[in-house]
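Heads up, the chain shows up twice below as structure tokens, two forms, tagged structure 1 and structure 2.
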Structure 1
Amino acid sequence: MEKKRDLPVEGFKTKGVEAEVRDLVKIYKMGRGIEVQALRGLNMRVEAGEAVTIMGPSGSGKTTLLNIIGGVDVPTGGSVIVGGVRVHELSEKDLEDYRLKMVGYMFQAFNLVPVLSALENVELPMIALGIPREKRVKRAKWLLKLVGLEHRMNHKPTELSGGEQQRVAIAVALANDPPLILADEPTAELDTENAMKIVDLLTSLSRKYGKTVIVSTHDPRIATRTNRILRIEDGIIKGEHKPIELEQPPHKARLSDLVEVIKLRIANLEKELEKLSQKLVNKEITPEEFDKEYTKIKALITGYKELLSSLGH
């Protein structure tokens, strides 16, 4: 791994890298002899500059997989190789260096520092890299302009909408020009308009700038715009699909399992709407809370139905 990175004030110098996972196992010890196996010998390969979606039900291992690739967690067994770096063999010190230089990680909860402005949040990774103040401020401003928030750079996270916070999080992830971008459920808390802005930004990182992008999501609006969809269940990759081939008849048979997964997801979301309505009736939530959650769930259902329609269902 390179020892030092000279960041450009504007733009990106670093292209994406290949990421490969072999026979990955992760077991969590819960106490009293109880163990939970989150990953069960998972294999996956993502080409340099590719954008890939990982889809699967809650508890299938999506977040665990991203955390291990990102150096946030360590595997129980197997290997992770990113850009030639054997991540599973790195010491804690080298893992810190890997996370700082190789990976830009977007978390579902945004992970912004609440007492800092948007500009200062974007500066933080560059401070850790030792970039001089004048240069990092200029780069932070360029990144915020890239995500359409140059007019909000002096606002703190609590003064920003959820969509704006997630766009700041993208700028933070890109600050040190990492070759690999990881995003864990990046549109989960967003309405349709803001979700589409995030989708556009993430997919452009691969198409326009050559970054390797791996996204875990339930959101079909992201999945259909990446190079591949990897379906994860019970800690292993169960299937692979190419969105650009969805409308081609020869591929419909091999996509039948994806259709069933999407239908199940729609059914589950519709059940969530029923439960939400009951909570409103029981006065367990306010009308404002109901409207916000209802809009989000309906947008996901619409997205999944559009995806089914493209599959001829």
Structure 2
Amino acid sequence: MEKKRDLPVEGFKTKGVEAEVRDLVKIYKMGRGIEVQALRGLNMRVEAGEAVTIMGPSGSGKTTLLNIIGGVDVPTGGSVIVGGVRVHELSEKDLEDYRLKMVGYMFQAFNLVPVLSALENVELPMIALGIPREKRVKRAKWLLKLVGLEHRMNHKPTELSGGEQQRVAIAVALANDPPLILADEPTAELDTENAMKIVDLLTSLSRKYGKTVIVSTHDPRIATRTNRILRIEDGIIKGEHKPIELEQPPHKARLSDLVEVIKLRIANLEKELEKLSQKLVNKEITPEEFDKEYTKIKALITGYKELLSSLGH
């Protein structure tokens, strides 16, 4: 890893790097001999500058995978190599350096510091990198402008909407100009308008700035805008799809591929709804849990159906 990084006041200098995951295993030990195997020999490769979606059901291992690629969790077995750095072999100290310079991570919960303003939150990673105050503040302002929040600089996270907090989280992730951006379900809590802003920002990082972007989502609005969709199930990558670019005139063959993928996804979600109802009947879940999951799945099905109809189906 490079020793020091000099940040530009405006813009980005560091281009994306490739990320390769081989035979990745993660076992969580729960005590009393109980183990959860969250990743079961997962393989994937993401090219430098590529934007890739990891799509899969709840509990399939998305967060676990991103945490290990991001150096916030360690694998039980297998390897993760990011831009030539053998992440699985790093010491705690080197992992810290790796997280600071190589990775911009947007967590499933935003992870903003509640007592600090948006501006100060964006400054934090640069403080850790030893960037002088004046430069830090200038760059933080530029980043907040990039995400459309220059007028909310002095607001604390609680004084911002969910979508705005998510955009601050992107600015924080980008502060140190990392080559790899990870985002874990970045649009889960957002309405369509805010979700699309986040999607545009994330995909532009790869398109405009050549960053490598890995995003986990159930959200077809994101998935269809990245270069590839990797489908994760039970801790391994089960398949891969090339989504079409919705902004470009759709190519016929690829369009029919996408339609098939969406139809399959709807069918699977409908099966999940059935299973959920069965669980409620069997009293394996409370009515509150049922309601929460049911609403989430229903919203996804509606989203997919809207997408299908926008594709003329």
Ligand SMILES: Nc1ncnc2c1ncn2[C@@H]1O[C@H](COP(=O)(O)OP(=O)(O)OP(=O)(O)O)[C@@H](O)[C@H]1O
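Structure 1's sequence is the ruler for residue numbers, which start at 1. Just so we're clear, the structure is a prediction, and the values are computed from it rather than from any experiment. Between two forms, the rigid core is defined as the largest C-alpha subset superposing within 1.5 Å.
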Form predicted together with this ligand - structure 1 or 2: 2
message: Is the shift of residue 35 between the two structures large enough to count as movement, that is, does its C-alpha move by 2 Å or more after the core is superposed?
response: no
- request: Using a rigid core alignment, state whether the CA of residue 265 is displaced by 2 Å or more between the two structures.
  value: yes
field: Shift of residue 282 between the two structures at or above 2 Å (CA, core fit)
entry: yes
message: Once both forms are fitted on the core, what is the Cα shift for residue 297 between the two structures in Å?
response: 6.9
